[in-house]
Each structure stands twice: as C-alpha cells, then as structure tokens.
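The chain below stands alone, shown as structure tokens; this is the form predicted on its own.
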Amino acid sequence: MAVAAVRRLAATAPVPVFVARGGGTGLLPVELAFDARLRLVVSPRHATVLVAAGRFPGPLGVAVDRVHDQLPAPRGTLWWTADVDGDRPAALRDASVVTDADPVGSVVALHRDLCLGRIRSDAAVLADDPPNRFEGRGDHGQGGEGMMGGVPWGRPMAMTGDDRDGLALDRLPVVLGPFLPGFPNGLRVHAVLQGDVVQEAKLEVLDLGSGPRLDRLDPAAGGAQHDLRWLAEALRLAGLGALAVRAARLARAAPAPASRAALARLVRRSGLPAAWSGVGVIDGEDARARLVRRLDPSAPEGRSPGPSLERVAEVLVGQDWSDAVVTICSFDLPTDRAEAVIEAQA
C-alpha cells in the first residue's frame, strides 16, 4: 500500500528530464523549460526520462547511448525528431517517437507509466565494460605503473606538472560534452585541468548529420527567437531559473519588442552582465558585451559570426572551468545552433 501510494505521488510530480540535443534542433529544446510539468536537470543521473532531440549519427549516437545508461531505473526514452528515417542508435531503437512541435504530453505520459509500473524500465544498451581496459596490466594488475601513470582501475592517472604559479600540481585529462548545458550542439572539449583551471583545451564538433529540422523559425522573427532561446540557456546556466522560463516563454510566442525590453531590464538588474564582465575576451569584446548586444530588442540581428574553435580554445587556457563554460556559451559557435537563423534569413 505504501509503495503504491509513493508511486502515485511520483507519477503526478514534475518530470525530471535530461535533454540530449542532436542535429537539426538548434536551441529549440530550451523552450521545454517554461512548462511546469517538466523539470530540466543538468545530469542524466537525476532524470527519469531522456529526451533525445534531433539526429544522432556516428559518434553522437555513441554519446547518447552512454548518457542513456547513466539514467537510474525506472527510466524511459523519448526521441523527438523531424527525421524518423535518420540514424537510430541503440538507445533509441525502442524509444517512443514524437514528431510534434510540443512533446511535453508524451513525456508526462511516459513518466506516469514508468512510475505506476505500466511499462518496464529501459534496459542498458551498452555492455558493462570499462572504457579503459586495466585488468592484468601494470605492476599489480590494476592498470597503473607502480606509484604513477597508466589508467589505474580504468581512470586516467593525474600526473604532476607546472602550473601558472610555478607549482607542481596534478594535471587531469578529461573529455567534456557533447550534451553539457551551455554547450552548442555536438561540441566536445578535450581539456587538461589543474584543479578547476584549464591548462590545455581542444574543441571539436561531432557530426550532426543533415535532413529535416525541428527548429524551423519564423523568417520575420528568426533572429529574435534564436536570441531568446540563447538567453534562456544562459540564464539557466547562471541559476536564474525564473528569468530563464520567461525568456523561453517569449521565444515560443511571437516576441514583441516591448516584451523583450522588459526582460532585458530584469536581466540587467539580476547582475548577470556584471558577472560576465572581463570573461572570454576576443577582439576586445568580452562575454558581457555579447550578452548586452543580444538584450537589445532594436537590434535582433546584432550578432557577429562566432570565432573559430581554435581561437576559443586559446582563450579557455588559464580560465577557471566556470568562466570557460561562460565563454563557450556566450558565442554563436559554428555548429547546428545557428543554422536555423541562416535558413530563416535566406
């Protein structure tokens, strides 16, 4: 009786959702944030439903498979796509498919069925093997080399190296992305960290494929819609959830200049522009300047082309990781997120 009551309560709660953005979606999925029936989470380990939005060819499909298996049971998957004939990685083979502009009803129904035991939880799609083989290797069969080196127990060993202050600290190689909040679609960062400071960085964009798009924009308001979706993403990243919801709601409607101006005033008062001041400076412009330009309702087309991935990687070196994420978020990097605007303006 008690377990059944808990299940019924869970079924009526907002659905914890992790969104993996693939090709052909741009920033459209951020509009899910304004629906009170959903709660977008930043880690798949906090989610019940995985919403895989768009196309997932090649390595991007491998990445979504890995994310899928990180969701705790009971878990379910919904594929939100305009290209049902596209690549379907293992995590999406048995997923519910939604081609509508609004998948929220399907997400809620999937969550309810999982909580009430009407359907089974998704099984894992990958073998339970470590990404780095370590058994039987090294001096003691643990994958390491004595006290240092190797991949002991499957994890890369943090080796010491000089930092910017002349101290010898651990240097940890990591691969981050391609579904991190604030990252453009398909972006993956190969970095070496000392503490939370980036010592080396290389950016790559995984293949996003081609085909029908989910995020068709109104040619008359394409730039404004894109900027509001970007702003909602930036506000979520900064922990300003209420403002993020407001921006996402405006992006879904036809955004009037007066409404955008009112939102811009609230964002300025939030302190976010000051927090971004001096971060990610390229060609004399910092993240604050890029944010302020997007807040201007009289200049919806005020974006400049984003810098190359190589230039952004150079700027990341020496930054704290939090500033590095802000730097990445502040640009329209040459990935899928800007294509819909280009199409709408053509």
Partner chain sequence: MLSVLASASAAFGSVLVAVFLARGWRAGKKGLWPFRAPFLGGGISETHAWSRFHARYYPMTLVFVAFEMEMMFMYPWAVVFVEEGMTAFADMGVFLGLLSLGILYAWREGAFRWQ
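Please read all numbers here as calculations on a predicted model, not as lab measurements. Positions refer to the first chain, counted from 1.
Although not depicted, the form predicted together with the partner chain is the subject of the following passage.
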Exercise: residue 156 in contact with the partner chain in the predicted bound form, heavy atom 4.5 Å: yes
query: Given that the partner is absent here, does residue 63 sit within 4.5 Å of the partner chain in the predicted bound form, heavy atoms only?
result: yes
query: Given that the partner is absent here, does residue 77 sit within 4.5 Å of the partner chain in the predicted bound form, heavy atoms only?
result: no
query: Using 4.5 Å between non-hydrogen atoms, is residue 42 touching the partner chain in the predicted bound form?
result: yes
statement: Per contact check vs the partner chain in the predicted bound form (non-hydrogen atom within 4.5 angstroms), the hit among 100-108, 224-232, 196-204, 86-94 is 196-204
message: With the partner left out here, which residues of 176-195 have a non-hydrogen atom within 4.5 Å of the partner chain in the predicted bound form?
response: 176, 177, 178, 179, 180, 188, 194, 195
